[in-house]
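Presented as structure tokens, the chain that follows is alone, the form predicted on its own.
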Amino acid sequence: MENLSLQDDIPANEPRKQRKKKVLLMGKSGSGKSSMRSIIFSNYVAKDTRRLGATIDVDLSHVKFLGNLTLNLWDCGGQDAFMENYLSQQRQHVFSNVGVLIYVFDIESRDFDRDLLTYRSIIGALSQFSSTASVYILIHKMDLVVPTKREDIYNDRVDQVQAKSDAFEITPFATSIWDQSLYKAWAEIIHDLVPNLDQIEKHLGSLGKIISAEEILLFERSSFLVVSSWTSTIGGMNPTTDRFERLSNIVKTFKQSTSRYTGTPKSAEQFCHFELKMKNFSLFIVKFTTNTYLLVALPPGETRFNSALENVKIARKEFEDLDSPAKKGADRGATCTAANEA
């Protein structure tokens, strides 16, 4: 394998600081905020979210991503009394130092105009205390809309929301807990937050060319969101444009199945290695660094497959440096203690 070194990018004596991002997850009660959070970060399946109760006040959680990024996720209850409290007594506390606002609109809301007024008040508070925050809008429960009308209704909602967003340039998504659209939205949100992303993508591209891959996906370990990817010219001809989020959904479902049949906790690691060899292509998924899995898609061929697998193992120690809050000592590193090989 050619020299794939990160040492020029990371001085040996320079520790990497822990980065924290405050993320507000807001929307009216019943819009689906806690359900989507539970699916992405707590390994729920869609049908299990029915037993979730309403969020009381603020449900604060800390989600680690790629070593030196921690999301301080504030899931804010959407009942009117809580919303009024956020905008009055707790205004500065809630809206200060916000990196990202994720606002969820229920597509079947019976009073969308009132929802917009609440959103406009939230934007006003965000402008006051966190004017540089990024704003993502999730038009949720799109599965409840007749397919032929989805695009028109979605575009109309987005236009109305943008008109109430002041100077913020919103990034909208159409989502549902019943398909891969949820993974697409959250993957893009996380993608914009990951530190060292330019370095990760640079070296992912180098690795892809070295092993003659068609496509490489880097998954976050627990959520299986695609945080980075590389695609060759041939891979770019794949007509399935939503394949990344589909793969997230498929692998997450596989992980949940192994959890159910092996009796291991959903938050634990159920597999370290997965191989699939077909007539027209082959792929493998391996535990890559402390907080990531790597999927590699290749043309068919046993020799090419085995060579790529060995080279990925060699590259692992280089990528590990990008996935840690500081330079590691001899007693630190990625381990995979209990796994069921697929």
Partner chain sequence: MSTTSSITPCRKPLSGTSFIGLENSIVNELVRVLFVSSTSTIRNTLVQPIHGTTFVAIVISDVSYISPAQLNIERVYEQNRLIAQKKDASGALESAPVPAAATQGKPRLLLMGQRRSGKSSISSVVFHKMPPNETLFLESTARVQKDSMHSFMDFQVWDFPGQVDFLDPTFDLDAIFGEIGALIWVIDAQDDYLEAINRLNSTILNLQPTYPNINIEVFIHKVDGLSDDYKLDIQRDIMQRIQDELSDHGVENAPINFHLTSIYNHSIFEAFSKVIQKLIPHLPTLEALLNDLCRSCRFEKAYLFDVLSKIYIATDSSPVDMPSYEICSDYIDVIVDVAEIYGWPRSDEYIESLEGEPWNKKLEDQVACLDAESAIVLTDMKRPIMLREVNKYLALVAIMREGSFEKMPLVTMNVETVADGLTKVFEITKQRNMVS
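Positions refer to the first chain, counted from 1. Source: prediction; values computed, not measured.
This next part talks about the form predicted together with the partner chain, which is not shown.
Picking from 146 to 154, 207 to 215, 159 to 167, 107 to 115 the stretch near the partner chain in the model of the complex, with a 4.5 Å limit on heavy atoms, gives 207 to 215.
Annotation: in the model of the complex, residues 97, 175 and 179 none come within 4.5 Å of the partner chain through any heavy atom.
Heavy atoms of residue 283 reach within 4.5 Å of the partner chain in the model of the complex, making it an interface residue. In the model of the complex, residue 243 approaches the partner chain with a heavy atom inside 4.5 Å. The shortest heavy atom separation between residue 125 and the partner chain in the model of the complex exceeds 4.5 Å.
Contact annotation for residue 247: at least one heavy atom lies within 4.5 Å of the partner chain in the model of the complex. For the options 202, 120, 91, 260, the residue carrying a heavy atom within 4.5 angstroms of the partner chain in the model of the complex is 260. Proximity to the partner chain in the model of the complex, taken as a non-hydrogen atom within 4.5 angstroms, holds for one residue of 136, 271, 74, 82, which is 271. Residues 295, 297, 299, 300, 301, 302, 303, 304 of 293 to 310 are found to place at least one heavy atom within 4.5 Å of the partner chain in the model of the complex.
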